[in-house]
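In structure tokens, the next block holds one chain alone, the form predicted alone.
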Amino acid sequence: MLKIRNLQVQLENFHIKINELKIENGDYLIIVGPTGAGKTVFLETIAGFHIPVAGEIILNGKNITNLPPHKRGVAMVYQDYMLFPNMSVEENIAYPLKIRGKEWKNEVKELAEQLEIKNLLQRYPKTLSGGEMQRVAIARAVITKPSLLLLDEPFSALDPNMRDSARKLIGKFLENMKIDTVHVTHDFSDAWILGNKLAVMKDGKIVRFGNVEDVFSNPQDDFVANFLGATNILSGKVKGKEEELTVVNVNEKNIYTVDSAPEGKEVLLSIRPENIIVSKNRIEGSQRNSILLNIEEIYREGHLIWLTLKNDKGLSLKVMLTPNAIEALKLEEGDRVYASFKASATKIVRVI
């Protein structure tokens, strides 16, 4: 369990101020935010590389605010992995235990097997791929069994195909290790695939924190909505296949997607607001999904108009339109409209 209270960090002209942050045992926290928001500095402060001018960092009930890095029970992996080039993979992984004078051979062997790098132990970093270096760095970080693991853009150097497989392997590994994790990223897919908690940072502050799906579906802030691209998140159960499309039951409505998931599984669907067409009459076309909903709210944000659509079964969608579209359709609150969107615009972002 990690608790942050009234934390303030001053680095020249940059100031971090985190009033409160708490992650429970078993949490995987993803932190996102624009470049310069202070994400890496925040991780480095938790790790002990920056001493705050005020506030507390509590890890599993222990105040670690002023402890040196090696006494915190915290490990950190940077995006460039920072492996020792003159050491073999085995020596890199073993290093934290060797300098403590502890037995390391069995620990290295076990981690290498779990991370599928057992065949690389006698190789050197310059001969490894990005994904292999990443797994070596994570093995080295967790060999001391830290209470908290900090990951700074761990997948950014990997190509898309390798990134997907790395997420699955690392996610399963950390879940089995039962290590609480704080993970900084620019890739929102990391949040959906790995995280259960999400924090959004701006100018050294956390402006939104909560469960991943809650933050995406209810940003509560214009900056957060714009940064995340405020998407619709729907929860449903997979019914099966129909014409090569996956059918998901959401609040008693069938929604079709080109993505696949096993029948009977609970899933989260994502539908971008700009991909939804609104009409007073049902339209014929390539939109496989068409749902009759009521306009509950119409509100303006800058040059765009947002509609909140709902039905009596609890299904809710947010739609983005231009003022000209609103005027042309003569839309008003209380109107019944069809919300139509393609199966290809409906993404399964998590299988529960």
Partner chain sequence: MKKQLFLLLIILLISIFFGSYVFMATSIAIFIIIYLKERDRKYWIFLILAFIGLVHPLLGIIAVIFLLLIMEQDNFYRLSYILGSLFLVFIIFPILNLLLYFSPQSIYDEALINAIIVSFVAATSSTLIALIFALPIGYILARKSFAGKSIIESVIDLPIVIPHTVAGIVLLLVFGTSGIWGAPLEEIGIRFYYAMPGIIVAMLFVSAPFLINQVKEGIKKIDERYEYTAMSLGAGRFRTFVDIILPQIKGNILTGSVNSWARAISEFGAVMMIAFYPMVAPTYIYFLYTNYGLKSALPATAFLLLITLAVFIILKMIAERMKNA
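Numbering follows the first chain given and starts at 1. Treat the numbers as computed from the prediction; the structure is a model and nothing was measured.
The same protein has a further form, the form predicted in complex with its partner chain, not shown here; the description that follows concerns it.
In the predicted complex, its partner chain sits within 4.5 Å of a heavy atom belonging to residue 69. Proximity of residue 140 to its partner chain in the predicted complex: non-hydrogen atoms within 4.5 Å are present. Of the heavy atoms in residue 96, some are within 4.5 Å of its partner chain in the predicted complex. Contact annotation for residue 85: at least one heavy atom lies within 4.5 Å of its partner chain in the predicted complex.
When contacts are defined as a non-hydrogen atom within 4.5 Å, none of 188, 265 and 268 contacts its partner chain in the predicted complex. Residue heavy atoms within 4.5 Å of its partner chain in the predicted complex occur in exactly one stretch of 278 to 286, 87 to 95, 160 to 168, 242 to 250, and that stretch is 87 to 95. Of the candidates 120, 194, 184, 74, 74 is the one whose heavy atoms come within 4.5 Å of its partner chain in the predicted complex; the others do not. This chain is displayed alone, yet in the predicted complex one of 209, 223, 104, 78 has a heavy atom within 4.5 Å of its partner chain; that residue is 78. Shown here without its partner chain, the chain has only 12 in 6 to 30 lying with a heavy atom within 4.5 Å of that partner in the predicted complex.
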